[in-house]
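Have a look below at one chain only, the form predicted on its own, in structure tokens format.
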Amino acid sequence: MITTINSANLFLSHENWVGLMPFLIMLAGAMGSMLLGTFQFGHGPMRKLPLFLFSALFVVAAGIWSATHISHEAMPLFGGMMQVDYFSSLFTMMLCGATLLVMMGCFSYLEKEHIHFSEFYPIIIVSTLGMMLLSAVTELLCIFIALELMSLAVYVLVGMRRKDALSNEASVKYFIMGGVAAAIFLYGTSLIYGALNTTKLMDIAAVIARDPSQLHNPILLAGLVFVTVAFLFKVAVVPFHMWTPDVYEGAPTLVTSYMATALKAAVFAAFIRIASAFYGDHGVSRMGGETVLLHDIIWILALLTMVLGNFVALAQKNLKRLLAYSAIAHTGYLLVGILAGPKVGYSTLVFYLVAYIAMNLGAFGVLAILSSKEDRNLTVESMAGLGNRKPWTAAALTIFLLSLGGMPPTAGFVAKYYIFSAAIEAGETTLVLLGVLTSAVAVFYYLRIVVNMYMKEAGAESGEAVVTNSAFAFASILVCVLLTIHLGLFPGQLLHAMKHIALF
């Protein structure tokens, strides 16, 4: 059978071009920054400033375009391969904001580490473009392409320290585990296609709506499980987390923050679309009255992720490894939002992601400022006396740590409160109680760092490294501080905006 391309799918109206513009802006930014990077702009630490400003301009432009052209009406593109809607626009703004904050922090950090290569900026823009596509594509093979576009760029970013064995090991390890996840995803996609004869999420939803018994098809269930496992690899859910601590420790600090926040948000965006296609208005929750296989799998993995992430973090002395296990634990809380379902859970999940991006980027931004060469001094003990030596930096880090621990009145507290409330409404009371207990454990290791900063004197391990020309870094940290406090005190406006997500 010869397959022909439907020319109607290639036609784009004016509205279609408007919807595609954020992706085209990022593509133009990647190509332009790649070309601009071949020019030499003087010498010294400011030689990359034109390239940084040029790249940041396109990231800001893509975010502003999405904010000013946001629409509640879904706009299918390319015959159902992609859909621009409120959901994708919201994630585009979130991802562009996270990328901009990372780039601001990286300007001085990369210079200090002697890894301020011109290719950093086009690579991070390409990775963000892949993340934006993940939130918008609605076909399994297109999701795979977006996933790999994002991942391949991140593999390179992890290995930016070309002469550092630890960074090289982290990059190779991440590449291998990412390849395994990609193979699992493709195999699951082939099983889904074999069961339903389509890979478009809209068609899958229509087939299942007509014949719900398809969800009991063992081939379809196997395919769905494989696809889910691939996503769980990407966001480091237990037991697919084994790569995370080593990769987070070996990667440059702000690349680690980019992986822990923007990458995680993009993967959850794609997973939400897939869950909605297969399970409709109830998602993987039990609100429909019928036990769903995927629900039970995610329930167990969410619990294991929260428990292992928090308890193993207790034993960590290296701050990047501690935050790596903390990130694993927060993934468990995000899975609770998936279990709560689209009616109540998805909006709170996205709110949690916004809060998590602010507080996690801020925490890693502070560590980047305090780090010595190759991040060698980032230990709990090295924070001793920081409250006296650098009071404003210590205060910012304290705010981020308290928010990560879920202490009021920060964004982390509000995010956990709403995601747990949504889960209780969906009948997940037992999991919520266990999640609250693990959150109490998390408070201990976050407060341990605060105690070291304010109640212990500086020792031999306490670093005095100060980043020069770090105005961009301090500005990004200040933005994160303001977001963390504002979302904790005044979450209503953002929560109201998030409620529309359930309608996509």
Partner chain sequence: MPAFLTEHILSILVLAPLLLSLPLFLIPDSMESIQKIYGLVVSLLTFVLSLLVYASFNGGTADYQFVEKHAWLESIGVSYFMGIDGISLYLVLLTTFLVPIILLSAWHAVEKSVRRYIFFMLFLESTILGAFLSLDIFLFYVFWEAMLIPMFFLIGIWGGKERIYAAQKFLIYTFTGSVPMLIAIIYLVFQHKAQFGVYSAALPDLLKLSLPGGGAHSVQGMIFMAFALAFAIKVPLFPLHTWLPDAHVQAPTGGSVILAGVMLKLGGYGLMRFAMPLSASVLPSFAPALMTISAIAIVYGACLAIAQNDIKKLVAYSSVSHMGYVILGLFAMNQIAVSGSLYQMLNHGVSTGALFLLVGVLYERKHTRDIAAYSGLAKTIPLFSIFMIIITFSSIALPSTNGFIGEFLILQGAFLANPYMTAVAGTGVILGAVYMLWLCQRILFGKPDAKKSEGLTDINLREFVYLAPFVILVFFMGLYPKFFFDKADASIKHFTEQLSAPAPAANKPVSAAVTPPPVRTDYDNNH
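These numbers were taken from a predicted model, which means no experiment stands behind them. Numbering follows the first chain given and starts at 1.
Note that the form predicted together with the partner chain isn't included here; everything after this is about it.
The partner chain in the predicted complex comes within 4.5 Å of no heavy atom belonging to L24.
Using a 4.5 angstroms threshold between heavy atoms, Y454 counts as touching the partner chain in the predicted complex. Mapping the unseen interface onto this chain, V18 falls outside it, with no heavy atom inside 4.5 Å of the partner chain in the predicted complex.
The partner chain in the predicted complex comes within 4.5 Å of no heavy atom belonging to Y346. Annotated contacts: Y418, L433 and P491 all touch the partner chain in the predicted complex [non-hydrogen atom within 4.5 angstroms].
With the partner omitted here, the stretch from 27-35, 473-481, 57-65, 446-454 that lies within 4.5 Å of the partner chain by heavy atoms in the predicted complex is 446-454.
For the candidate set S372, S190, T198, N388, a heavy atom within 4.5 Å of the partner chain in the predicted complex is found for exactly one residue, namely N388. Checked against the partner chain in the predicted complex, the candidates S276, T398, Q316, Q83 yield a single residue with a heavy atom inside 4.5 Å, and that residue is T398.
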